[in-house]
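Starting off, we have a lone chain in the form predicted on its own, written out as structure tokens.
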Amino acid sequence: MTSQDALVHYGLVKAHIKWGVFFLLVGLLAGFIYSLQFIHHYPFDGISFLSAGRMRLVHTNAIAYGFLVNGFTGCLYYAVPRLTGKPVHSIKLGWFLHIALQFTVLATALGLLLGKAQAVEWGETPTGFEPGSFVPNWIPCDLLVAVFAIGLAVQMSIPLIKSRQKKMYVSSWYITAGLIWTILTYAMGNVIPEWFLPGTAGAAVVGLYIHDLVGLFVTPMGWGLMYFFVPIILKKPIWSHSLSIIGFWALAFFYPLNGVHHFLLSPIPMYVQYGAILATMAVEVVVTTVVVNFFGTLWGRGKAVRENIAIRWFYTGMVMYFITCLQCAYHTTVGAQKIIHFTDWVPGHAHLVMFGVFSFWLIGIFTWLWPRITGYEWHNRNMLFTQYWLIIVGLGVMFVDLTIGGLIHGFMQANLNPWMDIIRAEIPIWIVRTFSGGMIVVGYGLFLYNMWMTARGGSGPYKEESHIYDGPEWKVEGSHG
């Protein structure tokens, strides 16, 4: 065991990953079931507890809080001690936060099914009170999420402050900022609209919250971890440290201004809407600098995308991130919004960024970490590649399918076609969406089975050697077969 290994509490890393992959399965199954209502095969018609609207909230919240928060937290427990040379603040606090997070996610899911959701997109976590009052009606999940966010910030900030490194590496910049931004963003989106700003003013703040949760929590954590793991796996320093810092500060400046683009053509003042459009376009420049930096790092190691499955997940996600941000810069213009707003274009875009980018990155990290934290080699290495192709093809088909469906819907609506004609035109699109979602669920099921069997012994004890993937079979770097 190396000195850096001694800094890492592998029990916390493993626990958060295990719960994260479980909640991703819950989220994917809920999304698949929800899609069945569009093709008239919803299995729970007439059962309010399991109605499609509530199932959709379970789908989004299980992935947002159950998978992404657990996944990022587990990775932070691995990365932060290695970045700083210091252990996290408290192992006891770590286990308390772990238990609190799982309880909160489960209480949130049950509260959503019971109809206790808050009317805030991506912030449906129950407040625990009747709307606009202090009459209790459920567990205060909002408060529990805030407590977890503050506790995690304390847990990770102390080693970052005490770091042995006088100069912070860019991963530390992203992680530190993400911890702070998350607390501020969550408080803004889940307190102000519910209690202080009803109507249009509240909607503007909700728009900021929706996008800032992605841009000021998910994005800095995702990019921070990529800046940590990619150089380690490629055994090569990041291409440009200066470019990485430019990307960080550009994100900090432009991303908080984006949120109102969710409410274009609304009563919100037009100068605010135009400002959001310009900021959204500027973010594409930010993304370009980061993507260029990572592809510059890959220069001379291009075969790693073919041979290393973790790197393949990482760089597939990077390409998708560039596509989604380019798409976002276009579809937030007023002219495009007139066509695609409230159509299937939007969920197509959202699935590509939240699943095709950040979930792909986490799956890639889990692929690399799991043998190291279980002590066993992967049970079936070929299955890792089968899973990759099932998921990437399934998501690609879903994205193209929903984008086409959004254009069909938008142009038919602009031409004043009867609503039922639009629905009939969309049904084939929805059938393909369900089929592609099934491919994703099957691919992910293979990954979970492989993780389970690996934890039980895999294909043998893990050896601390540098592995590369050569097609479906691995070989040790430097060997000849």
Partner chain sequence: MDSFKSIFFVAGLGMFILAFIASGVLPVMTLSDLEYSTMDDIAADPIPEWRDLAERWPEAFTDAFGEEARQQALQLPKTLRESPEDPAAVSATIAAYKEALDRGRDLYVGEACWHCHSQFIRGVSKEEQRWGPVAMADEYVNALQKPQLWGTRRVGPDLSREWGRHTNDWHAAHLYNPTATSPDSVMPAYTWYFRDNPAYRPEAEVRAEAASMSPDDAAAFLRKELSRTPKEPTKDGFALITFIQWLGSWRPERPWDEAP
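Residue numbers count along the first chain shown, from 1. A quick note: this is a predicted structure, and the numbers were derived from the prediction, not measured.
Form predicted in complex with the partner chain: not shown, discussed below.
J.: Within 4.5 Å, heavy atoms only, one stretch in 158-166, 324-332, 231-239, 93-101 touches the partner chain in the model of the complex. Which?
T.: The contacting stretch here is 158-166.
J.: Within 4.5 Å of the partner chain in the model of the complex, do we find a heavy atom from each of A52, E124 and I268?
T.: Answer is yes for this spot.
J.: Please pick, from K303, H89, R82, K338, the one residue with any non-hydrogen atom lying within 4.5 angstroms of the partner chain in the model of the complex.
T.: Spelling it out, the residue with a heavy atom inside the cut-off is K338.
J.: Which residue among L57, M451, V26, I33 has a heavy atom within 4.5 angstroms of the partner chain in the model of the complex?
T.: The option sitting close enough to the partner is L57.
J.: Just checking whether T185 would be counted as a contact of the partner chain in the model of the complex - the rule being heavy atoms within 4.5 angstroms.
T.: Yes, T185 sits close enough to the partner chain in the model of the complex that at least one of its heavy atoms falls within 4.5 Å.
J.: F435 versus the partner chain, in the model of the complex: is there a non-hydrogen atom within 4.5 Å?
T.: No - in the model of the complex, heavy atoms of F435 and the partner chain never come within 4.5 Å of each other.
J.: May I ask you to check whether R456 falls inside a 4.5 Å heavy atom distance of the partner chain in the model of the complex?
T.: Answer no; every heavy atom of R456 is more than 4.5 Å from the partner chain in the model of the complex.
J.: Look up in the model of the complex whether F253 has a non-hydrogen atom within 4.5 angstroms of the partner chain, and give yes or no.
T.: F253: yes, in contact with the partner chain in the model of the complex.
J.: With the partner chain taken in the model of the complex, which residues across 393-432 come within 4.5 angstroms through any non-hydrogen atom?
T.: If the 4.5 Å heavy-atom criterion is applied to the partner chain in the model of the complex, 393-432 yields H409, M412, Q413, A414, N415, L416, N417, P418, W419, M420, I422, I423, R424, E426, I427, W430.
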